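Only one chain comes next, encoded as structure tokens, the form predicted on its own.
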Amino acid sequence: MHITIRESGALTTVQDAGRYGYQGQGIPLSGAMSPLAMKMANILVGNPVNHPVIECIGTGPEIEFSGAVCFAVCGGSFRVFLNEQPIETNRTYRAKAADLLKIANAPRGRSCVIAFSADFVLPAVYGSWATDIKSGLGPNRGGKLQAGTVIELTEVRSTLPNMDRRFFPPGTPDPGFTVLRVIEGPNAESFSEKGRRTFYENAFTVSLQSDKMGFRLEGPAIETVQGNDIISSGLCDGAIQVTPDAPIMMMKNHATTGGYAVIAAVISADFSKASQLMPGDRIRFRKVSLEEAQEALRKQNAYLLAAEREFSRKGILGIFRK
């Protein structure tokens, strides 16, 4: 069977966990903006957590199914419709032949992903299905999915166990602003004590000049003691470079190296929350230890593992039951 992109949406691409092992050659990691949304959606449809998905940024696509398959939409609070009827995010559904799935805009959140209980018949590039449009890497010749694109599916599963229990409860959005946990960056000594206090004690606003490479942050100037320039060094997801103009939080398509001082880095457990920020959203940063960051990631992974076991288990334990 196959799916057909009837309407493309603002920016619809194929993504997975990213292109690991090639940053030393200058090839960006790329991958889904929200790794947590990707993992949740794949768990809901019985896939490995890093299985390829379709990612939507902004208004999403309209997709037609040629046969029966299960799917799930996770991420921002997008409005989702199956045959013009509203359906929930973070829940598994079954589509049949000629059904139409439509992803409309989101009141909150930048991106969502769609996972299917099937494999995509698409070529991997450097071992990954992640699309990086600026580098021209990934399926569909490194481009976004256009209207008329047909994606063949194989190893299709049209039913899954415990369909009525395959959902994640909705989260509660932060009122007013988002708090992101960070660990101290490798260039903290480049900033004065006043500069570090400014960073941790003030709110910053996500600028309109933000994309999948990085989010520019508007706020008070962060004082340095030896300038912003450093010898270029490697960057990771969530690293916050302080340029002479503004701090920039590195997102999934960030460059492999950078020459500005990194004051902090968003912890892995909070990166997916950071990825959903929209222009105008306000954020604060809270410093935690490396041990706290590791524990937060362990808890997040344990939650996903418990869900994966729950969805495949026979019986009615229902740890996510409403």
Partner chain sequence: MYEFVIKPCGDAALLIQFEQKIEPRILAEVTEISRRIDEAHIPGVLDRIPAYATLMIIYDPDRISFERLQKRIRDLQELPVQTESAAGREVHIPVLYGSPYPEDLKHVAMHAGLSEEEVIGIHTAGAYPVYMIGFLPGFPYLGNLDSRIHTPRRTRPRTAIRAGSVGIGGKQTGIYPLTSPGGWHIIGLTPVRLYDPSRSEPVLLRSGDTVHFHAVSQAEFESIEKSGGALCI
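Remember, predicted model here, so these are calculated numbers, not experimental data. Positions refer to the first chain, counted from 1.
Below, we turn to the form predicted together with its partner chain, even though it does not appear here.
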Select, from the options 277-285, 52-60, 66-74, 24-32, the stretch whose residues sit within 4.5 angstroms of its partner chain in the predicted complex by heavy atom distance.
24-32
Consider Glu152 of the chain shown here, and say whether it contacts its partner chain in the predicted complex, taking contact as heavy atoms within 4.5 Å.
no
Even though the partner isn't displayed, in the predicted complex is Leu122 close enough to its partner chain, meaning a heavy atom within 4.5 Å?
no
Can you tell me if Leu36 lies within 4.5 angstroms of its partner chain in the predicted complex, counting non-hydrogen atoms only?
no
Residue contact check: Pro220 to its partner chain in the predicted complex, 4.5 Å heavy atom
no
Using heavy atoms only and a 4.5 Å cut-off, determine which of Lys96, Lys134, Arg108, Arg197 is in contact with its partner chain in the predicted complex.
Lys134
Let me test this: is every residue among Phe81, Pro170 and Ser312 within 4.5 Å of its partner chain in the predicted complex, going by heavy atom positions?
no
Could you run down 117-131 and flag each residue that has a heavy atom within 4.5 Å of its partner chain in the predicted complex?
Tyr126
